[in-house]
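First, one chain by itself in C-alpha cells, the form predicted on its own.
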Amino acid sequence: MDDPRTAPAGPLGAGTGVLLIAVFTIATCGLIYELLAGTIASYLLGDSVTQFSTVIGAYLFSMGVGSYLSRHVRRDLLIRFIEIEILVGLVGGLSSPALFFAFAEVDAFRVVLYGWVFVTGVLVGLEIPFLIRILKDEFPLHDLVSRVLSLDYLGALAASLLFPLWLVPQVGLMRSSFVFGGLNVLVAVWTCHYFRRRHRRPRLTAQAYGALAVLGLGALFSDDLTAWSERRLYEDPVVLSRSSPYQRIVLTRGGDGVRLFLNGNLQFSTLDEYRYHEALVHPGLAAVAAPRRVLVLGGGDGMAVRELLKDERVEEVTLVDLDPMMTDIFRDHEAFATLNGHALRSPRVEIVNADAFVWLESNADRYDFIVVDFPDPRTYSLGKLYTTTFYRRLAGRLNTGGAAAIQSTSPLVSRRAFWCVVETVRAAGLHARPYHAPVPTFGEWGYVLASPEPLALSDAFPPGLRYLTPAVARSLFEFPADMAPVPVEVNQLNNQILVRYHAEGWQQYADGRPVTHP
C-alpha cells in the first residue's frame, strides 16, 4: 500500500485539468526527443532503418525501466514530478547540441548516443506513472487510465505530424530540441505555480525558471550553435546549410573548392566533379544516335544537366529531383548556379520535384537518354532506386535505340555492391555495360550503361571536355582483376541486398581492413 503522502492531501479541483494538459504536453515532448535522436543518428551514421530501429528500441526499453523504477518513489509525488520535468527538459533539450558535439569530439559516439537515449527514456518513463498516481483520487480507475492514455497517444500523434512537416524543415533540429525541452520545463513552472501552496518549495520554482532560461538562451542562439557544430564536423568553412523535409544540405568552401554534403555524405568536390559527371553522361549520350529528349533522375545540383547541354543534339531535358530546396539552391543562388553554368536556368530544362520511383510509374513519356544520378544506396529508401522494380520502370521510359547511364558506387571499395547493380539491371531485362573512372576525391567510381538492345559505343564527344577523350573513354570499359565481377544476388524490392553489400564494403574500407569477397 502506498504511503499516505503519495498524493497531495484533498482534491485537486481545477488542478486536475492542469495535470491532464501536462499529459498531452509531455507525450508530445517525449516522442520529439525520440525522433530527434533517430534523425541525428541517421544524419551522422547513415542507414536510417537501422538507426531508427535501434534508437526506438533503446528508448522504449528505457521508458520501461523508468516506469518500473517509479514504484520505488512513494512520497512527495508532486515534487518528484516537477523535478522530473525539469530534468527531462534539460536532458531532452540539450540532446541535439550534445550529440553533434559528441560526434565531432568523441570516438565512442554510439556509447554517448545510446547513453543519452537511455537517460532520456528513463526520465520520460517516470512521468506518466507519477501523474496517474497523483490523479488516482480524482477519477475512477478505468476513467483515469483512459483519459491519461488517450491524451498520451494524442500527444504522440501531434509530435509525429509536427516533426517532419514543420520542425525539421522550418525550425531545425537544434532549435527543436531546445523548444521542446522548454515546453517540458514550462510544465514544471506551471505546476510549481498552480500547486505552490501544496509543495511549498520556492527553491524548486527557482530551479525551474533557471532551466527555462538555459533552454531559452539555447533556442535564441541555436543558429550559432548549429553553425559551430557544423564547423566541427567539416574540414572547410560552411558557406550554406539548409534542412529540408528530406535531407540536410551543407556546402563548404576551402582551398580545393566547393563541396556538397547531403546528410553528412560528400556528393562532389569542384576539384574533380567534372571527371565524375563527364564519365556519367558522355559515353552513353554519344552512343545514342539522336538524343533529343533526355531525362535526369536525381542530380539536383545540375552538374549532369550542364554536361548534357554541351551536346547540341539535346533539345529538352527533364530533371526529376525529390527535393525542391536542392534544385532551388543550384538554380537561384548565384554562387552555386555558377558551378553548373546556370544549367538549371536554361529554357531547354524543365525541373520536376517528385519521387522518381513514383514519377516513373505515373509518367508515360519516353526518352532517348536517361541519366540516373542518385546518392549511393546507403539506406533502404535509396536502395529502392536500385531494384529490379525501378529498372523495369526505367526500361519502359526508353525509346528504341535509347540508353540510360547509372551511377553505381565504387567497384574497388564496394565491389559486390557495384556488380549487384550490374546484375540487377540485367535481371530487369536490359543490356548492361559496366565501366569505371578515377575520381581523385572518391577513388575509382563505377557506372552502368543500360539499354534495351546492345549498345555500340561512339567517341563523338562535344568539344570542351576537360577529362574525357576517345582513348580515355575506351579504357573505362576495361576492369582490372581487383574490380572484376564477383558472385552477387540481384537487388529486389523485398530484400534490398544492395544496401548490405554497400555498407559492408564501405565499412571495411573505413576500418582500414582489406576488402574481401566470398
Partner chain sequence: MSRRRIPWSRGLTRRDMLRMGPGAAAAMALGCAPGLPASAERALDAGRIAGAVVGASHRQGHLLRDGARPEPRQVRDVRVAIVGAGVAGLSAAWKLARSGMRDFAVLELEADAGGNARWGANDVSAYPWGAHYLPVPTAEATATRELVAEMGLVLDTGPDGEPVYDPRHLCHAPQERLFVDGGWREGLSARDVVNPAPGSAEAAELAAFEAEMRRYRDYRDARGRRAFALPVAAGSADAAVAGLDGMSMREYFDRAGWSSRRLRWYVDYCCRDDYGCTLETTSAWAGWHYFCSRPDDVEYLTWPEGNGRIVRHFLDRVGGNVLPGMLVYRVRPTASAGGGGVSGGSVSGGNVPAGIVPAGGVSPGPVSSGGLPGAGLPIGGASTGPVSQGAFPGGRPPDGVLPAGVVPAGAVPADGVEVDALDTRTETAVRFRARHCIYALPRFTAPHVIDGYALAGLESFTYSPWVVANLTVDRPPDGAAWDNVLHDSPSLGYVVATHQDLRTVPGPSVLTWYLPLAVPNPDAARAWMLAQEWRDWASLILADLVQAHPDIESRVSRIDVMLWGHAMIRPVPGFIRGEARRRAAAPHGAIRFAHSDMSGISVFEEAQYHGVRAAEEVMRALGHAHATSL
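Positions refer to the first chain, counted from 1. All figures in this text were calculated on a predicted structure; none of them were measured in a lab.
Another form exists, predicted in complex with the partner chain; not displayed. Remarks below refer to it.
Shown without its partner, this chain lists Asn399, Ser160, Ser241, Thr388 as candidates; in the model of the complex, only Thr388 has a non-hydrogen atom within 4.5 angstroms of the partner chain. Checking Phe101, Tyr380, Phe336, Trp190 for any heavy atom within 4.5 Å of the partner chain in the model of the complex turns up a single hit: Tyr380. Annotation: in the model of the complex, residues Leu322, Val358 and Asn494 each come within 4.5 Å of the partner chain through at least one heavy atom.
Not displayed here, the partner chain is kept clear of Phe118 by more than 4.5 Å at the level of heavy atoms in the model of the complex.
Interface membership of Arg331, defined by any non-hydrogen atom within 4.5 Å of the partner chain in the model of the complex, is ruled out. The partner chain in the model of the complex is not approached by Arg175, whose heavy atoms all lie more than 4.5 angstroms from it. Interface membership of Arg393, defined by any non-hydrogen atom within 4.5 Å of the partner chain in the model of the complex, is confirmed. Contact annotation: the partner chain lies within 4.5 Å of heavy atoms from the stretch 350-358 in the model of the complex, the single such stretch among 73-81, 146-154, 294-302, 350-358.
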